[in-house]
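In structure tokens, one chain follows: the form predicted on its own.
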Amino acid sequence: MSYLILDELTKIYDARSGERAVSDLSFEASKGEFVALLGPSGCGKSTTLRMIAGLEDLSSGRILLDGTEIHTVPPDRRHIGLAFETYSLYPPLTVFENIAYNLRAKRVPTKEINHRVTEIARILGIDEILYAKPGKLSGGQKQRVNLARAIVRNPALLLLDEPLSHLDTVERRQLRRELKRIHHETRLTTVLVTHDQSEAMALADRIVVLHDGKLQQNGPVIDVYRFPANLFVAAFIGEPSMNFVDGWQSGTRVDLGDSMALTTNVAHKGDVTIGIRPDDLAFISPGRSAGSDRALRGIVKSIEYLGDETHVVVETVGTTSPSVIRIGGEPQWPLEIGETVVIEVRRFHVFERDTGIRIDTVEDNPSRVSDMAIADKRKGKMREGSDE
């Protein structure tokens, strides 16, 4: 049985309008799993977290922790650790006393308090500032203390509400790595609320995507990224965002205009939207040909060199919006703004335009696999010759 279960959780703030902040939300988390609730502002993720913590009443549904219903249990008896985005530290108290505050309130023996505080401080890397006051700490240090207060209670479940949002870029990346390490060391079942898809993908074992209070997709990080359930998930996850091109599908052929077409695996008839991630597009080098079912022509509109990768914006012929292509490092040959290029589509998704539901995902071009197989055979022959 799963450790945390949300069963058709619903929250209605205005009974007259019946508008739902969260609507029939169900998902499960295994013991020791790190789950991210991901979605834009107002999607219901923080409301869901507050219902789990007992800070919001449920309109309907159930919450079970380790097989026991907790939605009727007072917050202080749910055995949950909670860290908000705001630190809320007590300025007159030292870091040690801030961490120990809840333990002292529960009359935990002093010897045990000393042991637990020093141990969690070691895990979070704040053991050298235990006797400093909060006013002397950086944002990253304050958030570590905030996390320590939640974890030191040895909770059955750890809830994190946008814990990195107040930090600058460097501190955010550093603490993100620390959170991953801390979770590996403590193995606390953790639910993180965030609007940052990079943060969710970096930290979580599994992502639960919400929009307008409704579940959009629930699955392992790699599955949500590679096989988005619908257009919302496809657009929300990934940086740069997925490219979209409207088309018409008849059978397995998708016409994109200007004599361009793609071939799919699943037959369908009607308006569709093709989704292509920037790293699933590649430039075809001058002099090299590509199959007509995977080639798009376009004009280079801008080039952004970002050090470890390059983003190239191309206005493809016959489409209404430009496409972004992501290249690792720099292009293998010079590209110029205004240049006409040919792009190979290595992988794409087909979405039904009316419902937004994904119909199909078409993997890498089989011809590229054949080319790789031929190259491997040649390498094999070369190795055999060298052995002789």
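If you're wondering where the values come from, they're calculated on a predicted model, not measured in any experiment. Numbers for residues come from their place in the sequence shown, where the first is 1.
A second form of this protein, the form predicted in complex with adenosine-5'-diphosphate, is not displayed here; the remarks below concern that form.
- Shown alone here, Gly61 lies farther than 4.5 Å from adenosine-5'-diphosphate in the model of the complex, counting heavy atoms only.
- Shown alone here, Gly54 lies farther than 4.5 Å from adenosine-5'-diphosphate in the model of the complex, counting heavy atoms only.
- Using a 4.5 Å cutoff between non-hydrogen atoms, His349 does not count as a contact of adenosine-5'-diphosphate in the model of the complex.
- Among residues of the shown chain, Ile70 is not one whose heavy atoms approach adenosine-5'-diphosphate to within 4.5 Å in the model of the complex.
- When adenosine-5'-diphosphate is considered in the model of the complex, only one residue from Ser41, Thr355, Thr340, Ser321 comes within 4.5 Å through any heavy atom, namely Ser41.
- Residues placing heavy atoms within 4.5 Å of adenosine-5'-diphosphate in the model of the complex fall in a single listed stretch, namely 44-52, out of 62-70, 340-348, 44-52, 26-34.
- The partner is not shown here, and in the model of the complex the stretch 93-110 never reaches within 4.5 angstroms of adenosine-5'-diphosphate through any heavy atom.
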